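Just the one chain here, the form predicted alone, laid out as structure tokens.
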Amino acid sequence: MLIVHTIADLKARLNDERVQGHSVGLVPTMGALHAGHASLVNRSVKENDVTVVSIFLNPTQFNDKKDLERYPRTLEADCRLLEQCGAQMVFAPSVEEVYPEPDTRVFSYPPTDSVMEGAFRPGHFNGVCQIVSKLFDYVEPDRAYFGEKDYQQICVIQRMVEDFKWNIEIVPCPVIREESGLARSSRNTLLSDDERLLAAHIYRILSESKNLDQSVSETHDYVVEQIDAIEGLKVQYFSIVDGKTLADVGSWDDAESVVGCITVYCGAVPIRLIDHIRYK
């Protein structure tokens, strides 16, 4: 497995692959890899001749410096996992390599990028679009793989691909969960054992809400009240939305696909956890 650190080296090596007619899959990550990331890499390895995994903790998508500082950094362990998965190439650039000067580009895809995470983390999706567009330019992948845990992010990236008319297939991959139901996330490493048990209630309650014969508003209130009733958990938002546009729905018949997206703070030093559930 090759580990490259510069854009020039990455492009040169991928050009050699394309000359041979090889297809290229890209798995963008911020590192601190886990079984969820491994599932994306495994799928890319099966579906492409060459799989590139980027490991880059992108500063432009963090609107909270403390959150950026706390984000786990485990490059050596990440590379061991990726080698086991069969990835052919890791792209691990420095911040200076990716941003030799400030990226002033502005991306806007309302309502997809302006609700939920977009509302609570101003600038977050602009930073996501900045880095993903750069990676698409560097790698020119045939397919790019993203985990559905970050459901809103996939919707935003789909909009960007349509906007730029890129010939890139965006491949959403199912959420990988711990035995308790907790969605696997790099942030889970910041939780204590007791906090992991608490966090497992998020998906339990979301799953229970699927079986309620209630209106959208009643389902919303049920989820928020049940989670907030557990000491150590606090809902930041829970939105029941059109699965494509992410616009709020007033009834279950308002959209062909309906998804509930949630963000919950967990623990004494609150760790921000996101999850979602498909209602239809």
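The numbering used is simple: start at 1 and walk along the sequence shown. The model shown is predicted, which means the values in this text are computed figures rather than measured ones.
Absent from the display: the form predicted in complex with a small molecule. The rest refers to it.
Put simply, V128 is close to the small molecule in the predicted complex: some heavy atom of it is within 4.5 Å. Although the partner is absent from this view, Y203 stays clear of the small molecule in the predicted complex, with no non-hydrogen atom inside 4.5 angstroms. Taking non-hydrogen atoms only, P28 approaches the small molecule to within 4.5 angstroms in the predicted complex.
Among residues of the shown chain, Q153 is one whose heavy atoms approach the small molecule to within 4.5 Å in the predicted complex.
The partner is not drawn, yet in the predicted complex one stretch among 128 to 136, 162 to 170, 101 to 109, 84 to 92 has residues with heavy atoms inside 4.5 Å of the small molecule: 128 to 136.
Put simply, of N48, Q61, S239, T219 only one has a heavy atom within 4.5 Å of the small molecule in the predicted complex, and it is Q61.
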